[in-house]
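Below you will find one chain, with nothing else, as structure tokens; this is the form predicted alone, and questions on how it binds or moves follow later.
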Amino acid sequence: MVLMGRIMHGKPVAETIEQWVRGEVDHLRAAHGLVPRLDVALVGRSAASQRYVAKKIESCHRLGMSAHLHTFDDDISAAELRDQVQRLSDDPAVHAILVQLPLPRHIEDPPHGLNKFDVFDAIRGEKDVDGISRFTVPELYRAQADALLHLPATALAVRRMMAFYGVETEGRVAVIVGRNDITAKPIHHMLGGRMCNATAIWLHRYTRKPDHDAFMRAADIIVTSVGSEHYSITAEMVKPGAVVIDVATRVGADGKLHGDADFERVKEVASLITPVPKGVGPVTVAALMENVVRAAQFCAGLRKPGYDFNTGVPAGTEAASLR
């Protein structure tokens, strides 16, 4: 008998990752005189982006790492931003680099010329903790888990949560909703590739409504990341016993954070569901911290690529990482 409505809280998963991060940071400092450093490029003054960046920087400091914020005006060109990111990438004192998204429209989606991907590609693979440059994406696309430098933090958070709560993926039907660059896209490749061996179906704004509803009702696992007041997953869309992982966040008219799923009703149908807030969010920040540590280890020659998900917790450095 399937127990409905078991909640996948993020706190215990985040705490497990953070415990590993603290141990690795202490080891790097004591054994190698090394303090992992994250540099964040923030364009514009979006309140939401500033809030997210502040959380990441606070987490770095709380876990004994260093963080530096570089702010740029909204009118910075793609070429100028690329050059600034390239400068950080070439700096040996910088271990990890993150370009906060979204970027201004003239960089995100210009009619011609340089764009956001040129900015991403200025980041060296070992420093690309968002897993978004041409130096990190191919291994995810090819499902080479043992060759991955950095799995994007949200995908890593989802994978860690599934391992922690015992969500089986092999042979299951997984529906991923949304298609942004650092959440839905990598999650789709992760679930459908050899890392998870699910049958992955990708839904987005161009999916016809009847197809959307039919695919949703067939899903064993739903991962959603739309974050719009115009999109909602209702209980009628969810197959009894499905696992619902809600990555989306938006501020509602009530001033509170909401996800894509109608939580109170969907939890009566789903076997497992993440809340918003206190679900995937804190694990995503912890997963980013995991990647910052990995980046520092790469820069110091202390780690080889690859992730271990068999235990549900990160693998260590030195002999364990140089297997």
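All values reported here derive from a predicted model rather than from experimental measurement. We number the residues from 1 along the sequence you see.
The form predicted together with a small molecule is left out here; the points below concern that form.
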{"query": "Candidate spot 52, 99 and 182, all three touching the small molecule in the predicted complex (heavy atom, 4.5 Å)", "finding": "yes"}
{"query": "Distance check, residue 130 to the small molecule in the predicted complex, heavy atom within 4.5 Å", "finding": "yes"}
{"query": "4.5 Å heavy atom contact, residue 267 and the small molecule in the predicted complex", "finding": "no"}
{"query": "The small molecule contact at residue 56 in the predicted complex, heavy atom, 4.5 Å", "finding": "yes"}
{"query": "Region of this chain that lies against the small molecule in the predicted complex, out of 91 to 99, 73 to 81, 170 to 178, 196 to 204 [heavy atom, 4.5 Å]", "finding": "91 to 99"}
